[in-house]
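Just the one chain here, laid out as structure tokens, in the form predicted on its own.
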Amino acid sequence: MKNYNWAALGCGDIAGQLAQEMSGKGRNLYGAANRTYAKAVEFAEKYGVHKVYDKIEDIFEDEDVDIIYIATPHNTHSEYLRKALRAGKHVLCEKSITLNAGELEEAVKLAEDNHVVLAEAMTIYHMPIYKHLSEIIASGRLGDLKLIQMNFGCYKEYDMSNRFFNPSLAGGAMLDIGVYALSFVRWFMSSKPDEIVSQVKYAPTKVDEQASILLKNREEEMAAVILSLHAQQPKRGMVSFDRGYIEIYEYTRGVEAVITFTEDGTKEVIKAGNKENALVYEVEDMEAAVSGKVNVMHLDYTRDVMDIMTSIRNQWGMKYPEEEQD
């Protein structure tokens, strides 16, 4: 497989994790760009990045860049996606890939028109444990899917200038942690949920601090999701079938699952992958997609999840400042 040149747009913690993991595999990022040039220089020196761009626009014009990794705040993604895709660059974009379904569909159309790969950096779709579990489920050992239960709660201090609670940075539980929970649900469900009921509790800044969501699809598979930015919960997913159920903790970078069989209560522990290699798995699948392997990035699931999140926020009547301007 060709060695592709990756460039990071945004030089925060997650871009640093990507650079570090790639370096551990003997590869360095080709380029880096950031709103603050000095931060990009510091990032490049720390991670051995070949090239630093004077301004963000230069990353799109560099003919030697194959894949751009967008790791900027949610509310900037759509603008950068347009520029990167129009420039003919493949793009792996941090979650949530856009603010809403309309922005995502515009990006999908640009990717199709320019014959490039567009994908969301969703670890769940690339961790080996999920691929292995899909094989077990497809074998029929567990029977039909009935119910999924999801928890994702973290405790963030009530600092309303922090990005988690800042509407100007598209803060809130849905786009920050809900995207993980709903991506987990979509991975296991046979089809996109078409019945959605939800409740929301707002932070003082009017972003969603806490939410409960019920979903059902045409196969009558059901899911319950609980999210919070101000109440710690175990990051736990449970997937229940006719003949047993699967439990996964720390599911965003899961490496272990426990299957309990209904008939006799016996347990089977499934292990696969390494959480320290989470972003490497994304890179490997992205490069496979760029090389022509179909649907390893699961853009179809990304679109379904964005449709769900947009539908839920429409139910709430909650918009971000950029959406108010539309």
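Don't overthink the numbering: it's just position in the shown sequence, from 1. Keep in mind that what you see is a predicted model, and the values were worked out from it rather than measured.
The same protein also has a form predicted together with a small molecule, omitted here; what follows describes it.
Asks: Among 235, 126, 89, 95, which has at least one heavy atom within 4.5 Å of the small molecule in the predicted complex?
Replies: By the 4.5 Å criterion, the partner-contacting residue is 95.
Asks: Between 27, 35, 275, 51, only one gets a heavy atom within 4.5 angstroms of the small molecule in the predicted complex; which residue is that?
Replies: Of the candidates 27, 35, 275, 51, 35 is the one lying within 4.5 Å of the small molecule in the predicted complex.
Asks: Indicate whether residue 186 is a 4.5 Å heavy atom neighbour of the small molecule in the predicted complex.
Replies: Taking the distances in the predicted complex, the answer for residue 186 is no, it never comes within 4.5 Å of the small molecule.
Asks: With the cut-off set at 4.5 Å between non-hydrogen atoms, does residue 228 touch the small molecule in the predicted complex?
Replies: Contact check for residue 228: no, nothing within 4.5 Å of the small molecule in the predicted complex.
Asks: So in the predicted complex, is the small molecule close enough to residue 71 to count as touching (4.5 Å, heavy atoms)?
Replies: Residue 71: contacts the small molecule in the predicted complex.
Asks: Taking 4.5 angstroms as the cut-off for heavy atoms, does residue 11 touch the small molecule in the predicted complex?
Replies: Residue 11: yes, in contact with the small molecule in the predicted complex.
Asks: What I'd like checked is whether 146, 251 and 267 together line the small molecule in the predicted complex, meaning each has a non-hydrogen atom within 4.5 Å of it.
Replies: No.
Asks: Have a look at 36-44, 258-266, 57-65, 297-305 and name the one stretch with heavy atoms inside 4.5 Å of the small molecule in the predicted complex.
Replies: Looking at the partner contacts, the answer comes out as 36-44.
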